[in-house]
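Here's a solo chain for you in structure tokens, the form predicted alone.
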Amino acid sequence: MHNPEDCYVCLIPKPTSVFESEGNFSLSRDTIIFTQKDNRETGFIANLLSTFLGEVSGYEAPVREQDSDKKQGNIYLSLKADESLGEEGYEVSITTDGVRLHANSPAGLFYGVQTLRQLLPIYSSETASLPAVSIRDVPRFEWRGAMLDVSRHFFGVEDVKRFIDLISHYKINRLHLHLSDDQGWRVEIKSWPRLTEVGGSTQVGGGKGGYFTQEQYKEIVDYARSRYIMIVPEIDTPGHTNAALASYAELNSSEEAPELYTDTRVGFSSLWINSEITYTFLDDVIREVAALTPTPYIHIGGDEARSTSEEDYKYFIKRIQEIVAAHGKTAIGWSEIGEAELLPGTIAQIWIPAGFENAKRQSAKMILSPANKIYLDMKYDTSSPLGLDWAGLVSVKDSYDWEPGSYMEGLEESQILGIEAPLWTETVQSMKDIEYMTFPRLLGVAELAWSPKGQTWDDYRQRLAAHGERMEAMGINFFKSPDVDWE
């Protein structure tokens, strides 16, 4: 059972500063959550908090607009101007008299509520309380991401929503959805309907596959926004395109469509680089995806294009960046795009060293996703029932015990947009599989992205151990790493 006096050990990510006091704030049936007037978002966040309170106390606190009397025994959520908190920081003060949570934006309030949730008891109690503590918290990096591959194996709307709920609890604010690959095309494109009719019909191992209609995709985008997570869609090009090539013969230089592909080998497919039909196709796809995604980014892939010549690759990467820009978005690509000319603002996602030096030379911002540290599809150890090992084994300790600011030689921290942990799904077939491969490694990634520089593994592993019971209460099928004493 969680002890309020152990509140500090239970917080992941570790806050910027924590000051503990004596006593605690006891929840009662008279507790009210007050918000500012005429702010729909803060009202929504207050209702989330009320739900969390109800889970541990048995009764949900009513939500009211701001009470000028500031009566004791209540919880206050408010927006205030404090530039030092930025857009996502927050301050929370818990005393024996009440709780006050302040932020500059609704996002900050949401993250503060996630911290309050971790301070609450794990299990229901008639005497539920919050420990007296003052917290000031600001994220280290702007980009705190996870990636879910729905192409190798398809996962539906409800699975993606659960994933969003789980990662948002740890202040992850980007969900990169890998929507197309050799094995499946997963988002409806109305101007090219065979992409999903044909290309979405299967998956690794020959299962039935699936895809998101545009309405379903928009539902995911909206749900993520309500949890302050930005959806970043990826249409992988010019390789990893067999599902598209099988759907439309005219995208192939042979003008013959290949068979659908259900294996896991990579590097064999390529769009027809020197055909204008290819760029008409991409313009239509990017236009429709951009219209469905009211966020700044489109991921263009660019990795493992081994069947595309160097000259064609460089030509292609420049053109697709121009298409993305024409639709008002910023392009992101995997490491290899650094070998091509990058438009101003294009972001390189570093998973291997290839392309890094050239991307740095072109002043590109970087997202760090080192495969040997935070690829969530790598096996934990040799006994792992799921996962791959081409980048090595990635233990819970490996995924936490590295420093993003000094990981790439010569890369200044000012060039690092943030970090993102990808989960590729060649061996992942169910939500339970997703949870097993993601947790608890993603908690460490979340802390690396949020918490101040200089955290230690020894301190983190103690907090993670205390967090095991919380993950169990949340129904997460997590891996009980031998690196951690879970008892």
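All values derive from a computational prediction rather than experimental measurement. For every residue, the number given is its place in the sequence shown, counted from 1.
Separately, the form predicted in complex with a small molecule exists; it is not shown, and the next lines address it.
Picking from 194 to 202, 383 to 391, 105 to 113, 310 to 318, which part of the chain touches the small molecule in the predicted bound form when contact means heavy atoms within 4.5 Å? One stretch meets the cut-off, namely 383 to 391.
Just one of F212, W334, F155, Y400 has a heavy atom within 4.5 angstroms of the small molecule in the predicted bound form, so which one? Among F212, W334, F155, Y400, a heavy atom within 4.5 Å of the small molecule in the predicted bound form occurs only for W334.
Can you pick out, from D433, E60, E426, E41, the residue that has a heavy atom within 4.5 Å of the small molecule in the predicted bound form? For this set of options, the contacting one is E426.
Is it the case that D137, even though its partner is missing from this view, gets within 4.5 Å of the small molecule in the predicted bound form, heavy atoms only? Although the small molecule is absent here, D137 would stay clear of it in the predicted bound form, with no heavy atoms inside 4.5 Å.
Interface membership of Y228, the small molecule in the predicted bound form, 4.5 Å heavy atom rule: Flag for Y228 set to no.
Heavy atom to heavy atom, is W351 within 4.5 Å of the small molecule in the predicted bound form? Heavy-atom contact with the small molecule at 4.5 Å: present for W351.
In the predicted bound form, is there a heavy atom of the small molecule that lies within 4.5 Å of any heavy atom of Y375, even though the partner is absent here? It does: once the small molecule is placed as it appears in the predicted bound form, Y375 has a heavy atom within 4.5 Å of it.
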